[in-house]
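Just one chain is shown here, as structure tokens, and it is the form predicted alone.
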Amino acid sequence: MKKFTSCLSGLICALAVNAPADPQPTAPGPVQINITTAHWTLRLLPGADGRLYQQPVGSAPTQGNLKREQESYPQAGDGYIWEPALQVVHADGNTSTDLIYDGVQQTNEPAGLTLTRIQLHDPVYPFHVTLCFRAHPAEDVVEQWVEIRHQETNAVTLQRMASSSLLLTKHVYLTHFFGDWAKEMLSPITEQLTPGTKVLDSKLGVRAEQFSNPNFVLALNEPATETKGEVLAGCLAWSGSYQCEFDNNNQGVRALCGVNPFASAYHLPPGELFTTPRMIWTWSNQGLGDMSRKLHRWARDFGMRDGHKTREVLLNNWEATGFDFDFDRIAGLFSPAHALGTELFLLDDGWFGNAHPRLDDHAGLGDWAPNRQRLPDGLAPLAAAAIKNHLRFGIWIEPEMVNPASDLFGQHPDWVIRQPQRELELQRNQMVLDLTRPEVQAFEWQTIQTILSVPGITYAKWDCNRYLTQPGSGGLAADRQSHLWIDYVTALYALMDRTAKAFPDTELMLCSGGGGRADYGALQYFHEFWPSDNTDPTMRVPMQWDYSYFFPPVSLASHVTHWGNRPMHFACSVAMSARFGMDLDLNKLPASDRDICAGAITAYKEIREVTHLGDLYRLENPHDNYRGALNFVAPDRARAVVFVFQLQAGAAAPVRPQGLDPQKNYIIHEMNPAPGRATLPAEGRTVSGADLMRDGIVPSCAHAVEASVIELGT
């Protein structure tokens, strides 16, 4: 992955009164600063009053006076009366800030990128802000972040410091996503932003995306469809408490995104640099589909590890064994896994703990020695047994957590995040270790290093099964408790970064009790993420549809399980549309289901070059229809794969693929057809791309929980 550095930030609400008169029109000359991609330009304008302004996205160019409402990065306390991007208490107690334009520096970077750094300063205080924009021309993506530093006599308190303060036209439609455990990304909401303030946020600190999501879509001037409309996808690369605030003052909408200012005041010493998280903007004037394809290309290049490598078939033991296993039971899964075509085995929770054995979720977290009763000789022989069966071997870890029933907690009860003088509150019987403490950082790194250094381990699932409810740190001074929300995530990223660099050949899955860390802040260190513990394929169809607005399918782990008791063919077909995995006891699987799984694995291996590395076209929205449909197209457009997921009984109407080469002829072939079902009507026919996109293909599925996977080859 081509990766660039990033870090932290925050926000909070403040108003000032007695605004001065609007400044004079922009002075003539070379004063416009353009952040330019292939099809989009973000225009910034230094004004005659010295402030920096922004042309609203989605509106006609400003010809008259620049107004304070158009300030690019507005500050609290000196005339700006709306929601500010920056709120500061200076070392002398002054709560006002006034930023004046200093200059701009634009430099070319590798891969055709352009970095723009705009310097601002306060004319009264030695306080400096740099607005940073990295343009990715080919993908119409702009990464934005802010750097803050000062040379005042003592610490400055940052109360609100947005990563982005993008000004938009006043006619904006917001699509955002609400959910909960096992319901992640299942409740999309589209609404017009009327005058007032709309806030999306999380105050969970860890596993921050359990209920909402820092990824959203803005449609400008009118609602968008898959193929029409000017849209911006916004993705905040931050795994902690966040706030995305949309302030409509009836002149325009300002999108203020960054670290949640709630309880997060940050005391910045003189000479230190504070860097906000990145905000990732993706623009399109051709609707949601084009927007997603651009963002997916960016993600495979810059947003995740090894984004241009296909992913292997994984078998997880969790649904098969839960906590009830030993060496023989796990090793007994290897031979049938290999026979089925599986390439990778993941040993989940329950392999560690001795004085406090991990027999269930009440004990053992923090004591990471292999359980001697279950694995007498440790992990290495189990990994060797997997490799002997031609399987890679992976392991589950949860390094940030501890059970009170553990040697670690008994020895270091002060290492957990908790509030003094309050009864200890548990979630899933566990606590969060305080990563702001250097000794905890060292312990967690030693844990990760020891486990991942075991010979044969080449995959790890990094879990996080609770969030913060008593955010207190014994390692921070009393007047620095508000640093916990930011410093924890910063230390977490440092740990993830160290892991990715120390184990470059180890594949990493990001998990957080489901999709609690579905963001590009963490994903930059990982290969994939676990979208939800809900693996019912009828739920995964709309869930994976919604995730695909922001994340490429190669990053979505999709496993076949018995959740929902759906037909095996349907479950396998859904998993084939993302990163295919299984949570099944293969020794108890009926022969008919085993044959379906084997066929699905064979088909997945044949098409994953297309589904993982090609372009995604969403065809029929499962939220609105009796079925969902999508297709993938290879970069050279020589191959495509169409998925049709029948959620309810309905007419066998044609599905119309998109993105094909109109001039090419495609041979139609159904992959891994369901046993006993009628053959695909167009099986074996050769049809032009133009005709396929116009007339479509009638799938072989028409009844509820049936699916059809159709390859189009040349």
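Given the structure is predicted, the values throughout are model-derived calculations rather than measurements. In case it trips you up, residue 1 is the first one in the sequence shown, and so on.
Although it is not shown, the form predicted together with a small molecule is what the next lines describe.
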Looking at K203, K461, R418, R637 here, can you tell me which has any non-hydrogen atom within 4.5 angstroms of the small molecule in the predicted bound form?
K461
Identify which of D122, D615, D348, E83 has a heavy atom within 4.5 Å of the small molecule in the predicted bound form; exactly one of them does.
D348
Of the listed stretches (450 to 458, 562 to 570, 88 to 96, 512 to 520), which one has a non-hydrogen atom within 4.5 Å of the small molecule in the predicted bound form?
512 to 520
E606, heavy atom within 4.5 angstroms of the small molecule in the predicted bound form
no
Give a yes or no for N465: in the predicted bound form, does one of its heavy atoms lie within 4.5 Å of a heavy atom belonging to the small molecule?
yes
Heavy atom of E147 within 4.5 Å of the small molecule in the predicted bound form
no
Is Y547 near the small molecule? Define near as a heavy atom within 4.5 Å, in the predicted bound form.
no
